[in-house]
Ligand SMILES: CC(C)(CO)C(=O)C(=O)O
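Just the one chain here, laid out as structure tokens, in the form predicted on its own.
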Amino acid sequence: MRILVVGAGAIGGYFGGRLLQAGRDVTFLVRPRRASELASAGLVIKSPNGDVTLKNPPTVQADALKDKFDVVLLSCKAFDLDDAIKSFAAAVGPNTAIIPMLNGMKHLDTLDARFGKERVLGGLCAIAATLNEKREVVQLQPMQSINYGERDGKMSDRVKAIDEAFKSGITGATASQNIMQDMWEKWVFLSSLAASTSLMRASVGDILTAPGGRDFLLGMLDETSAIAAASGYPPGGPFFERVKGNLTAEGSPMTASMFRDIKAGLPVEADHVIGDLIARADAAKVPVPKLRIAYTHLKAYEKQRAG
């Protein structure tokens, strides 16, 4: 099975690196700068689950991409999706399976329109990872998972083959027969955390110490959960209780990557993570006043950053 990992940043570098470490046929589609870094220093992973340096990992650049791959693992940010599609389109053949690990749902429509729905699986990952100043992949916490599956819930032969390959190198790899529910539940948690910590510019623990902080966090969770339910994917009991616990843990340093990106002056996925939820809320006539304020805040940040 030939696997093309689009990008070798924190997410693609980690999961692709673990597959390469396990002896899988992995190639990284990268830009010239990253290709040079990988050629000189290798793909370096620093992790509580074990460090590894992979010398001269196979790479290809978009202008030299000609071969078809069995699997395309896509881990870009939403605002980079159009450029990413242009870069890997030549690798997609009649039997290629694309596994996007982007947040939200909007990207599915974009990928379906370009490649056909039959080639696009559902997918998501959960990992805290970043690139450090040495451009090494650093996993910040031991927890990690990656889920993938047919969007109609069938356990197809291709998903079984992908699962066998992924499980050989990635702890927490799971073929899911409920991938759309999984994606919606992640979106509920992520959007609640991102909207809250970005708007308040504070961690969960600090928000909880503020007057009305607990009600604010749980109110945000109620709004995002109501949108999911109206869309046909109500968050499950154990999931909801777990997320509720995360959002009400006193002293928690938890923040969303979106908030950390704001602090660093970087682009954010305002439209993909929050704006698209609000559009779905409007279609279902679900009131979301807290989400609207968070979205306005994010769009004002984008305007300020562009200026």
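Numbers follow the displayed sequence, beginning with 1. Quick caveat: nothing in here was measured; it's all calculated off a predicted structure.
Below, we turn to the form predicted in complex with the named molecule, even though it does not appear here.
Site status: open, since the named molecule, placed by superposing the C-alphas around its site in the model of the complex, has no atom within 2.4 Å of backbone or C-beta atoms. Although the partner is absent here, K186 is a contact residue: one of its heavy atoms lies within 4.5 angstroms of the named molecule in the model of the complex. The closest heavy atom approach of L43 to the named molecule in the model of the complex falls outside 4.5 Å. Put simply, T59 is far from the named molecule in the model of the complex: not one heavy atom of it is within 4.5 Å. In the model of the complex, at least one heavy atom of L193 sits within 4.5 Å of the named molecule. Among A126, A89, M155, A113, the residue placing a heavy atom within 4.5 Å of the named molecule in the model of the complex is A126.
With the partner left out here, the named molecule still marks one of 248 to 256, 51 to 59, 64 to 72, 277 to 285 in the model of the complex; by a 4.5 Å heavy atom cut-off that stretch is 248 to 256.
Contact with the named molecule in the model of the complex, defined as a heavy atom within 4.5 Å, is made by none of M1, R119 and T174. Of the residues in 258 to 273, only R260 comes within 4.5 Å of the named molecule in the model of the complex through at least one heavy atom.
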